[in-house]
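There is one chain below, alone, in structure tokens, taken in the form predicted on its own.
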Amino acid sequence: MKGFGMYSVGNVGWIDADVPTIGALDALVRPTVVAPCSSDTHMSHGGSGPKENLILGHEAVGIVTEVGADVKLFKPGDVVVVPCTTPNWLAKGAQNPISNAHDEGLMKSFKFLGAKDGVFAERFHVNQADANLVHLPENVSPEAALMTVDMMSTGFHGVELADIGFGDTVAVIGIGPVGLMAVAGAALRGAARIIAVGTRPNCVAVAKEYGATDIVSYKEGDIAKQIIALTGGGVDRTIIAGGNAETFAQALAMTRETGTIANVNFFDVTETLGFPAYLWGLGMANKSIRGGFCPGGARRMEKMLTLIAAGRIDTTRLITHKFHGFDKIPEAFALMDSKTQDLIKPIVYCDGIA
């Protein structure tokens, strides 16, 4: 079979590979619609260290083509939603009360791109299918479901980590697709005021549709100073969904005492996070700092999909570009890599796979 991935750091293209073999608990899936992610492009540039001959991609909806002997809930022909993180549920770390993402170690539930090839292939492997796959609901479109597997689940995890409650004032730094989902999740959680930090006109428009009450631009000065002035002292909760090492200190500065900073942004391995002690009240401000990776598993995906089916959220607002044909994955990937001004999220319908 063929798949799109990286030969080495900075060198991407089509890769010839063997069709994955499956175990008794696993499934083989043919993708029907996929989405490139900034994590894919980040990895292709070496952000996660050197990788060779790795098929990329971790966001997919597809059709089951084969199941292991002990799979009970799925059969060939089933249309399934595939979480970006697929924990090994037999590992002790999967029982963590905060996140199952660290099943066998730090972020080890991110099997795609980590322990094995990703979903930009004619076939891809899913471990422990009964616990990691979800049937596509009849009243949810494949496109809407595709946005749940990483963007919605990750953005909502930022909301969970921030512990947003009724009446809170919240800042969301970075309103790409994950940040936009954090805005939507904060609104669903009962935030009274949601300040979105971003500049792209289409992202700003969608942020307002999802519930942002204020927009702050980093082009107009230090975002922490702007938000402190805007709120008369700072916010109760801050979600970091974009930015760089300097953003971390800004988030701490704009968050009130007893508040929470939640990070779902990947920092680069070359970056160092630091901040002046006074921003943390010399250690006495009771400001909580949390960072977490997207949880996985079937139950979480079912909850995300239920919100869509109930009309509580429309995830398709994230989709700005659609490509038709499996051979269009490189074009969509390049678009995600260049991050044009009109981009939020591209998707690819995988037509043409036998």
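Heads up: residue numbers just count along the shown sequence, starting at 1. Here the structure is a predicted model, which is why all the values come from computation and not from measurement.
Keep in mind the form predicted in complex with a small molecule is missing from the figure; the text below concerns it.
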Wondering, does Pro177 line up within 4.5 Å of the small molecule in the predicted complex on heavy atoms? yes
Hey, in the predicted complex, is Arg200 touching the small molecule, heavy atoms inside 4.5 Å? yes
Would Phe293 show up as a contact with the small molecule in the predicted complex if we use heavy atoms at 4.5 Å? yes
Does Gly234 reach the small molecule in the predicted complex, with heavy atoms at most 4.5 Å apart? no
Checked Val126, Ala121, Ala186, Ile173 for heavy atoms within 4.5 Å of the small molecule in the predicted complex; positive is Ile173
Of the residues Asn88, Thr260, Gln226, Thr247, which one places a heavy atom within 4.5 Å of the small molecule in the predicted complex? Thr247
Non-hydrogen atoms within 4.5 angstroms of the small molecule in the predicted complex: do Met151, Thr154 and Gly242 all have one? yes
Any idea which of 306 to 314, 62 to 70, 37 to 45, 324 to 332 reaches within 4.5 Å of the small molecule in the predicted complex, heavy atoms considered? 37 to 45
